[in-house]
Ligand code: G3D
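We begin with a single chain expressed as structure tokens, specifically the form predicted alone.
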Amino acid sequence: MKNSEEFRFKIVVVGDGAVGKTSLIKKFTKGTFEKDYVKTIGAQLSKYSKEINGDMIRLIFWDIAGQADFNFLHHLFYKESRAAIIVISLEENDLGKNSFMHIENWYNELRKYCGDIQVVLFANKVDLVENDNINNMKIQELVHKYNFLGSFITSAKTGEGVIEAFNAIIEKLYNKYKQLSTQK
């Protein structure tokens, strides 16, 4: 029998208020979606475990409030994060446009408080736009500009892309830290 290990990862989930951070986490960890918007106050924690190759992966998702009222708390929530997810809205309204424009702010804040951690971009609310209107080129330019691990088109409501998006970042973390543990 091979030796199994346990890996613990803290993943911060950031982005403007109302882009769907909490809903994405709930869809992934519980398979549920609540259509009524409830503002996150400060930060909300969600735990999730899964097994990969006999190793136990324990995750804590830190859902960071996106409203400017809570910016003064952010540095406290970022400590010891192994990865981050920046969530934007694909909606063709002010929320969607502003969430795109604020990617750089979120990225800079992550770098300032977390250093060089893995970052993934989730473009959420695909269920609210026509596929022809999604600017994949713009999203890929952002991925290259900030050296993101990747990007995913998601819908917390329908579940589109959610499982694949979260699993991609979890597997990247697992592979990175598994390799490091075998080098010791």
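As the structure is a computational prediction, the values presented were derived from the model and not from experiment. All residue numbers refer to positions in the sequence shown, first residue = 1.
The protein also exists as the form predicted together with the named molecule; that form is not presented, and the subsequent description refers to it.
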Want to guess which of 114 to 122, 133 to 141, 148 to 156, 50 to 58 is within 4.5 Å of the named molecule in the predicted bound form, heavy atoms only? 148 to 156
So in the predicted bound form, is the named molecule close enough to residue 17 to count as touching (4.5 Å, heavy atoms)? yes
Might residue 45 be said to contact the named molecule in the predicted bound form, defining contact as any heavy atom within 4.5 Å? no
